[in-house]
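The data below hold one chain only, encoded as structure tokens and taken in the form predicted alone.
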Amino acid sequence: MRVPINWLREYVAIDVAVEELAAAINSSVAEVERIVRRGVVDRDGNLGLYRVGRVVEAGKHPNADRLQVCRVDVGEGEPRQIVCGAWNFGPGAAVAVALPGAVLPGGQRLERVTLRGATSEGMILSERELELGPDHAGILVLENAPEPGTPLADVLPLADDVLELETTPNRPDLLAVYGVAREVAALYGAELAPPPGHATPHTIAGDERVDVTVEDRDGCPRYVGRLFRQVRVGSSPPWLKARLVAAGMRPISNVVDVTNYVMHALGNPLHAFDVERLGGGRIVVRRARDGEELRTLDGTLRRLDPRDLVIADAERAVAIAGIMGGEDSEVSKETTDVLLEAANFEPVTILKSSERLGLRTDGSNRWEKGVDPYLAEQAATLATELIVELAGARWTGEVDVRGTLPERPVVRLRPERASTLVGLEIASGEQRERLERLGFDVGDDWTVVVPTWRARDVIREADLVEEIARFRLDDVPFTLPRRRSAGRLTAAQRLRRQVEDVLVGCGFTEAYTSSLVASDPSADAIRLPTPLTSDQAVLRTTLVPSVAAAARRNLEIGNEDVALFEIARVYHPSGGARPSERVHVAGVVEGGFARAKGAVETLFGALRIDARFERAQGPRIALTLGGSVRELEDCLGAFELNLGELLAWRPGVLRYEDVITFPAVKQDVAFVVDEEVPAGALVDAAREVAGPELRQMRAFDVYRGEQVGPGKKSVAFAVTFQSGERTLSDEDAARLRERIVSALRDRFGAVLRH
């Protein structure tokens, strides 16, 4: 949600820096993703170089057919000569002018230049150059403009700051500038202006019947339709275009822009139909017929489903309710009669149709979160005011078809309970004031009537406490909750914590990724019947792809020495209604297979698990324990382990073994073996024949080359012999070494390399 600050201040009078406002909203209302500076940056007198100009003369450039040379009065006495490439104006036109030295929104600084032999002392601006709209074909002609030389900022909204908010699904009221203004007023104790559209609009100019039938009252509990005649469809005024552009929307025409403006102001999406293009001049709200098709405004022919709610005329569907209108009934420049739709649609119906059709819009985003059904009339009223004012229309008829609208929830609040839950003493007067500023009606007995725009998520006392607490978060003390009884961690919990500690000690950082993915390497992965998005369609059976994707994103933005791990559930079919859940740990590390293998070896050592690696076919290295270590592209190594199996293999009781005080005998030996013989198999065979006096046999080098021949490798080991009962002699060590050499020769054809 993009909230232009100038628009916000129209509803709540606040005089604070935008950074302070963003911090306050971020703490108590919604996450502020960023602050966007739009339009002309006001620094070093830059705005003073933008002025209203009056064209005194205009004529063809003597050396360029596509240019004209103008003399423009900018309030300096002597007009300035400006070369312009547009031809949609002439002498007497009021225009927007930037003088040399001005910095345009894109960062370009204007200079006095010579174009094909004619000097240009400024620039006559289009609306796109001022970021007031998309039009760049002609310059911006000002209507009813003041005297030449007037600061352009007094006439047009040249600059604005915009807050980009990330709202939660339970707060559809924050998808409206007025909804955010209500929160800001409560934050600062400021006066909140009456909601736009609350007053009675222009008097209705007729009693024409508006033919609307709602066949599905569950899918559409309310439908307000208003009829307008003698509509003049054209371009919107600059102030309206500027607000839409700042809000992230593209201006189209005055009628369509009004519907988008009202949606952003109040949060209730609207739609406008060309009455002449409606079959029978009527509206029917129904479910789509089997096989029915509709070409939507984006030019796509869509096959509808009987589960889809549509707006139809007497003959066919003309819009997908709450999502997008159809081409056949859209408002165009030739439109003179308009039917305005201000409805309310059931959220789940819109959500499922949007997912099924793969079509998400600003409107569907609001409907699926639950728009206040009592807002439809207010939205229609505001739109009526603007259509009459901006399009010169006559409002000649209306209808309000409504089913049973929900009652406002009533919740009992105990002020002392609120203070207890928050952990902070909050005066009852402050609690009452805060709730009332947010639109709650608080009775003398602390019976609270919830406003209609919060009826979906405030339904119990704890919800009211949260409304009070979120404005005092900075005052809540940092204290641990009191434990009334002692408890112990389970074995699985202790294992998880130890795994976390070991991996952090190895330089890894814990990551959290979604359990829902776009695809999964397992053929039997569980696919959701109605996924929210195409990227969240499958329950994952492995963690590595998700962690690897996070690692790659870190590498792409320049982070170095990336090492991430995640502990989470994976899901497999169980044959029943619920999937089988297993807890895995996965890690992805820059540095390839060696670093991933090293982390696993460190982990096994800490857990006292005796395991070895066996080389498998391809890039995957399998663990005898059942996990895996592998090498990915981009020099990344990865591993994944089942924590349930780790818990089963971990020794339950650790027994103390006395420290051996007798000296050790250390030797290095190397064996030439076939390439496919794993080093771990050589170590296992050596332990069998040498017994406990072989304390350690660690591979430290592998050689391949001419000296050992093709298909062969030389593996060098650091060997330690030690007894717990006596000091081993050189003869003892030689005897143990000979046993190992003989065993490896007989079992693997190993040749001792001298």
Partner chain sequence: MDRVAAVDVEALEREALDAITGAADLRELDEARVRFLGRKSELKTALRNIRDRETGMTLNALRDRLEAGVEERRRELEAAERERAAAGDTFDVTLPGQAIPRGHLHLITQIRREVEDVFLGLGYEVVDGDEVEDTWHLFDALNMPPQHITRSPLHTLYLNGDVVLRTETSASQIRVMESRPPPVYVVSPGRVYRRDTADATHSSMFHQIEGLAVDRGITLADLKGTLLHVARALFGEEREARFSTDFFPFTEPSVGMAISCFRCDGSGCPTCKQTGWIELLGSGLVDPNVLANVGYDPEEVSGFAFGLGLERAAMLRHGVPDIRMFLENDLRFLRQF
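Here the rigid core means the biggest group of C-alpha atoms that line up within 1.5 Å when the two forms are laid on top of each other. Positions refer to the first chain, counted from 1. If you're wondering where the values come from, they're calculated on a predicted model, not measured in any experiment.
Below, we refer to the form predicted in complex with its partner chain, which is not included among the displayed structures.
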Its partner chain in the model of the complex: contacted by all of S27, E31 and D463, heavy atom 4.5 Å: yes
Could you tell me which of 288-296, 494-502, 246-254, 677-685 sits within 4.5 Å of its partner chain in the model of the complex, going by non-hydrogen atoms? 494-502
Heavy atom within 4.5 Å of its partner chain in the model of the complex - the one residue of G280, P169, P651, G605 that qualifies: P169
Among V233, V155, L421, A205, which has any heavy atom within 4.5 Å of its partner chain in the model of the complex? L421
Even though its partner chain is not shown here, does T661 get within 4.5 Å of it in the model of the complex, heavy atoms only? no
Give a yes/no on whether Y512 approaches its partner chain to within 4.5 Å in the model of the complex, heavy atoms considered. yes
Should K597 be counted as a contact of its partner chain in the model of the complex, where contact means heavy atoms within 4.5 Å? no
Taking its partner chain as it sits in the model of the complex, is E425 in contact with it (heavy atom to heavy atom, 4.5 Å or less)? no
Going by heavy atoms, what in 534-550 lies within 4.5 angstroms of its partner chain in the model of the complex? Q536, L539, R540, A550
Exceeds or equals 2 Å, Cα of F565 between this form and the one not shown, core fit: yes
Using a rigid core alignment, state whether the CA of D298 is displaced by 2 Å or more between this form and the one not shown. no
Establish whether a shift of 2 Å or more occurs at the C-alpha of E500 between this form and the one not shown, with the two forms superposed on the rigid core. yes
